[in-house]
Structures are given as C-alpha cells and as structure tokens.
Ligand SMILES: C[S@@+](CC[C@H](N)C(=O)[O-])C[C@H]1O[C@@H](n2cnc3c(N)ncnc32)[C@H](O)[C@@H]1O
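Starting off, we have a lone chain in the form predicted alone, written out as structure tokens.
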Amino acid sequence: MLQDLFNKSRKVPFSDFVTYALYSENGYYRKGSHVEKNGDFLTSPLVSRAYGETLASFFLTKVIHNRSDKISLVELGPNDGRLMSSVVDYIKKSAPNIYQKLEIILVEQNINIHKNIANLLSNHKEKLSICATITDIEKKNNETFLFCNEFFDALTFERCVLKENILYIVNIEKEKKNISEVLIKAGDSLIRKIEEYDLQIEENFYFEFPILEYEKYFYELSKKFSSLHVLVNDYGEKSDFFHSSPDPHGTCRCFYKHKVSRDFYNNIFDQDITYDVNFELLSLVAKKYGFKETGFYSQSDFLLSNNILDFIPSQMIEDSNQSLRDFKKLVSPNAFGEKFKFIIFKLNEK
C-alpha cells in the first residue's frame, strides 16, 4: 500500500506520509464524506442546522456593511455543502436584499464530491460556483465573508521535537512490511521558519508544525480579496509554545469509526489524521499576510453570544429527544463547546 510513498527513498518525512494518506489519488479526502454518525467523526454543522443559522446571523448583524453591489460568501473545505446550505437558506429567508447580492463560492479540492455539493445547493445554483483551489477564484474587490469549519486541522504538518537543544523532525522508515518512526535533524529552512514565528519550545515535547500550509492559504487569500472577513472554527488552543497540549507526544491522532488512536500506519486511506490547531501560530501567520485578529472565543461563547438559542426548532424543545441532546453538544463544555474555538480575522483593506 505504501509502495508509491517509498519509491524514491526508504525514509520520508511524516508530512509526506500525511499528504499521501489523506490527499493522494486513493487518499482519505479523495473519497466520499466520512463525516456522519455512522462515519468516522461528527462536526458541529451536522449536529444541527442552528449552527449554520447562527453563523449567518453573525454575518448579517456584525460583519456585512452592505456597501457594494455584490457580496461574496466563501467556504473552505465544505465537505458535502450542508453548512453553506444552512447559512444561505437563512440569509435568503431573513435578509432577501442581501441574498440578492450574494455570490456563493465553495472551495473543495475533492472534485469527486462537487456534483453532490451542487445538488444540495441546487436552490441557489444561479449564485453558486465550486472551485478546487483558491487560485481558481477571480480576484474580488467587493465585500467578502469567508468561513471554514475544521479546515486547518486537516492540513499537512511536520512533527517536530527538541532534544538536547537539537531540533528533529519525525520521519518514517519502511523495512519490508514494517514501518517505524525515526528522528532526523531538521534542515536549516525549517529551523529558520520556527525562528521566524518565535514561539517557545519545550524539550522532549512533540509538536505539529503546519506552517507551509498555513502560509500558502493566507498568502492566496491576501492576493484574491481586498475586503475580507474570515471566521475559523476548529479545535485547539492558543499557546506561547509550539506545542499546545500537556501531552508530550503531541496532539496528532487518527479518527476511525469514531475511535481515536495514534495507530497511523493501519487503516491507511480509511482514517483521518488530524491535530489540535495552535491559534496563536495561526494568528501570527495571518498577521504576516496583512490580516488582523479581531476576536477569539470558545465555541460555546461564540454561539451563545450570537443567540443560537433563538434557532432551536420548537419541536426540538418540546421533545426531549436525541436531537435536543445532540444540539446541547454544540455548547456543552464537556463536548464541542470548550474544545472548539472561533477566531476572526479581517484583511487590512488595500
């Protein structure tokens, strides 16, 4: 299964393995959606449409200024399109004047699911475009609101560790059918990148370093848009250290049928590989490309302060059923509420 990965070298960086396992021709994200109760994991937009309606309300009441003839609404990594569907359905119903100005752009690199996304959003097809990359979007000078849910935790990353003041990256090595991890001294380019962002490193604590992917996305966004608000929802913390967890092994892990492990080298192509986002690092990258952080909240704080309770369907309140229990997970501190964070950026207008 890993023959293509090791066809040029017996050792490869862990980042190459992640790219291969998730994004290669047979990779995890090249297949259909795994985000379901019967899949590998569940995300907030699938728990309740109220999540997307709350985002739409935030967009309408606190972001949009209605200054231009066209307003772009962009989502990165939309999965099957259900989040965007709940957002634009709400806008169409509650603010038809804004809806008339909307153009809807979804950026989904898995072209195999573009048709499914288009079908789900068929009621908005005159306004809809689906792109594989940000570079496919024409340059926009109008107001733009971009959002993403569990997008940055899906990007490729290096695994690093400092031992006796020497920085190492994790490589994987193949011997016959066995795969093992080995530490290789980091190259000068990686060391310079780590020095550039000037976060602290604690010896013997593994950390994830997705910097090249972060820089690529914020650079591309800065070139495509002149008036842009960005809303990111992901799990993780802010930290002055590159590691954002007290676990010395780092935060990267696998999700397979709702079970969490560090068994990276089984179920390849059939399991997600992810990690906690360090929002301090994300903010530093955004700042490099002209973005200003304007807010940081736990998911429960963001949703409650933007009146998510107003969007609970009345039948859900009347029935103490599974739907209501699922909804509570969005704001419960022991579920999604505190583990997930919202961070907001604004691109300094050019």
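This is a predicted model, so every value here is computed, not measured. Start at 1 with the first residue shown and count on from there.
Keep in mind that the form predicted in complex with the named molecule is not shown, yet the notes after this line are about it.
Can you tell me whether residue 222 touches the named molecule? I mean in the predicted bound form, with a 4.5 angstroms heavy atom cut-off.
No, no contact at 4.5 Å.
If we define contact as a non-hydrogen atom of the residue within 4.5 angstroms of the partner, is residue 132 a contact of the named molecule in the predicted bound form?
Residue 132: yes, in contact with the named molecule in the predicted bound form.
Quick one: does residue 52 come within 4.5 Å of the named molecule in the predicted bound form, counting heavy atoms only?
No, no contact at 4.5 Å.
Would residue 75 show up as a contact with the named molecule in the predicted bound form if we use heavy atoms at 4.5 Å?
Result yes; residue 75 sits at the interface with the named molecule in the predicted bound form.
Please determine, with the chain shown alone, which of 54 to 62, 278 to 286, 23 to 31, 293 to 301 has non-hydrogen atoms within 4.5 Å of the named molecule in the predicted bound form.
Correct option: 23 to 31.
Heavy atom within 4.5 Å of the named molecule in the predicted bound form: which of 245, 85, 110, 227 fits that? Just give me the one.
Only one listed residue qualifies here, and that residue is 110.
Contact assignment for the named molecule in the predicted bound form, among 155, 146, 104, 91, heavy atom within 4.5 Å
Filtering the options by heavy-atom distance leaves 155.
For the spot marked by 45, 150 and 217, is every residue within 4.5 Å of the named molecule in the predicted bound form through some heavy atom?
Checking in the predicted bound form: 45, 150 and 217 are all within 4.5 Å of the named molecule.
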